[in-house]
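A lone chain, given as structure tokens: the form predicted alone.
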């Protein structure tokens, strides 16, 4: 049987199973648990209506618990055991992890990523969204800027690896240096600053995402407020910073936090560019170093990443709901 046929059968069985579940559960609810008897007909109908939403939510709760809650709890308990998983060591993996220089370097680099990438991508996206709305060929410019979003992180890393190449015939940076008679350098081996060269790859990718969202937000600003500001004598900078920015501030926060969550999970760019060498390690790549040789340590790092990501994710959801209202 071909994979396509298997996929179609799986979809049919899944949809059919869900339909059968909802039909049977409603039937049992209305006919067996809360039957519409003469003496308490209205009360049973109200009780059934209270329970019925939970019947629809129950499958989602079950699968969330199976594929989200259970792995989180299981990972935490696994992080309390040694490499082989047969000896309980409590918080030993955590204490050893925080005492290592490699973890502190990865944590510091992650802080740099969280500060630089969301701020740069959001700022550039907002700048491009504002400027391209005034141009006749703005849609073409937006398409070109959004295009990196279609490239995988590994593919983008390979592109920029050529840009940063030592060979002046390949790398743009060293081609410029060679034109001025300077010796070639490997920017990926410059301490501290190599992190920013790697971060710029993600900024290049995410600027298109920020531009699209913020451009839609700018187009949603009521024209009356802008016209009123123009009548009052406001210049373009005052209109942008005092009229437009306050009205799209919730959208800016959502874009910022969304990119922040992505930054805290990304590892393939670092892995493809330097493999975490030259002090470019971040927490996800640090976790990958232990993934296949020390499950206890790897799950401890994963749990730390989850603790860092969770508040940002909750804040993002709150801001998104606030904007929807």
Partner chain sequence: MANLKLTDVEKTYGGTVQVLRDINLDIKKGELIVFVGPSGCGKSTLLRMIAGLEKITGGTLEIDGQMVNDVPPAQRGIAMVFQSYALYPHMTVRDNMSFALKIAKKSKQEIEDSVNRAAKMLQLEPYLDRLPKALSGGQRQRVAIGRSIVRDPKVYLFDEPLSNLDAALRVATRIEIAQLKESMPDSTMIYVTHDQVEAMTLATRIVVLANKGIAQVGSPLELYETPNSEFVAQFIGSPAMNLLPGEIVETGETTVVKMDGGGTARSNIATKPEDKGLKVNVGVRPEDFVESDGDYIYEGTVDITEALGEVTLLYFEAHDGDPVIGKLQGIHQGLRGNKVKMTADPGRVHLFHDGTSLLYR
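This is a predicted model, so every value here is computed, not measured. Numbering follows the first chain given and starts at 1.
The next section is about a form of this same protein that is not shown, the form predicted in complex with the partner chain.
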In the predicted bound form, does residue 100 come within 4.5 Å of the partner chain, counting heavy atoms only? no
Are any of the heavy atoms in residue 233 no more than 4.5 Å from a heavy atom of the partner chain in the predicted bound form? yes
When the contact criterion is heavy atoms within 4.5 Å, does residue 112 count as touching the partner chain in the predicted bound form? no
So in the predicted bound form, does any heavy atom of residue 227 sit within 4.5 Å of the partner chain? yes
From the list 95, 82, 167, 238, which entry has a heavy atom within 4.5 Å of the partner chain in the predicted bound form? 238
Using a 4.5 Å cut on heavy atoms, which of 247, 189, 143, 152 is close to the partner chain in the predicted bound form? 247
Partner contact check in the predicted bound form: of 200-208, 157-165, 239-247, 122-130, the stretch with a heavy atom within 4.5 Å of the partner chain is 239-247
